[in-house]
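In the block that follows, a single chain appears as structure tokens, in the form predicted alone.
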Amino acid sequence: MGGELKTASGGMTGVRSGVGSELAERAAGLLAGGEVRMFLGYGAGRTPLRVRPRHVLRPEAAGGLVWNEFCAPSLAKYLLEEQEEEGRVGVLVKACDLRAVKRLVADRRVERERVLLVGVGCPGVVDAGKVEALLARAVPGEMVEEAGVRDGVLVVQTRSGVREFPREEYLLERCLHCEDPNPRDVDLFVGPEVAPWPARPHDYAEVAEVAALGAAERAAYWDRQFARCLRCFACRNVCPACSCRECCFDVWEPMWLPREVSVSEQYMFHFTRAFHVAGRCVDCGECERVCPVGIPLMKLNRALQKEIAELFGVERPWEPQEKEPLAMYTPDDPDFH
């Protein structure tokens, strides 16, 4: 893990507070005016490094909404729970979250006219897990009292003092590839736009690294990864491309996946899921972020993205399209005859 933990003097004065107050005001106005019946955003989490999804039903409750560099969870799949109720739902989206909503709309699981998209410029989301792991190694049992970003530096106030982290080394992987941190095609935009930063190209370097291994080494690599899998289904549950009304892994007949937790069955689960979302993955990285044991699931997804890009000439395979190569059939497909 890159970066060195530094102890700094002084307090948290000057840490960027974000656009939380404007967001709360706009959400309250939408609810009060009847434009939405619910607003999905973020609220304070169990520590300053964490947030939690917040469902706001009343204008006076909008004051509990927050927006900061720790708002990592995508709110897109919560929209599935709200499609049975009448009325529109407002939802806060980052650029990567907008792709997730578009995926659900393209798959006809969410009706676009029943969603009011509120965009916000994202300066990059801090990987709270990395920061917590570094703190735990440096000062076991250290409690975080306040956290934020000041002048491009992640500042964490703990009981023993103020600690600084090089922010760019603690961003989520998806943020490093972000080409435009401002969601487009939204209904409302809150706060100022964020200036783009030099994004890493989608060169599939992590895919090439695994592909370069010999067959035995490659099998051993995935054996090690899948041996740690708990089969908790967190990756499936958070994925916007996994939105079937009935998942094949949940049915008893036919039983695609036995309840046994073994490496061979983990291969079945992860490879089946990867193929099911092939050509539909929006590259949000949520599956990897929520994995409790840190399996590098995006290496599987990006391997398939690379194949889609090369075989079908799709320049941006992570962007939902009106016509997608694996969602269409024509009699003159090359492999038909």
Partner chain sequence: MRCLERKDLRAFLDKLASTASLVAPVREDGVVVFRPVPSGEQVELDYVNPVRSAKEFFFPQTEVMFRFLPSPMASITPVEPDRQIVLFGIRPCDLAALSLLDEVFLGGDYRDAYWGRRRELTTLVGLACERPDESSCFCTAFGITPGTAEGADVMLYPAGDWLGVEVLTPKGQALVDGALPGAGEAGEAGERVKQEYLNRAVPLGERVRPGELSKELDDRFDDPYWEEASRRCLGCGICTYLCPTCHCFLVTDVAKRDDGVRLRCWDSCQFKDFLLMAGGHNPRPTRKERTRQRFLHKLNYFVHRYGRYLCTGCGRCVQHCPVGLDMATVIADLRGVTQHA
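For the two forms, the rigid core is made up of the largest set of C-alpha atoms that agree within 1.5 Å on superposition. Numbering follows the first chain given and starts at 1. Predicted model, so just to flag it, every value in this text is computed and none were measured.
Unshown form predicted in complex with the partner chain; subsequent notes refer to it.
Taking the partner from the other structure, the partner chain in the model of the complex has no heavy atom within 4.5 Å of any heavy atom of residue 86. In the model of the complex, at least one heavy atom of residue 82 sits within 4.5 Å of the partner chain. The shortest heavy atom separation between residue 230 and the partner chain in the model of the complex is within 4.5 Å. Although the partner is absent from this view, residue 182 stays clear of the partner chain in the model of the complex, with no non-hydrogen atom inside 4.5 angstroms. Looking at 170-178, 91-99, 184-192, 230-238, the stretch with residues near the partner chain in the model of the complex, meaning non-hydrogen atoms within 4.5 angstroms, turns out to be 230-238. In sequence order, 137, 140, 141, 142 are the residues of 121-142 having a heavy atom within 4.5 Å of the partner chain in the model of the complex; the partner itself is omitted from this view. In the core-superposed comparison between this form and the one not shown, residue 198 has its Cα shifted by less than 2 Å. Annotation: Cα of residue 138 displaced by at least 2 Å between this form and the one not shown, core superposition.
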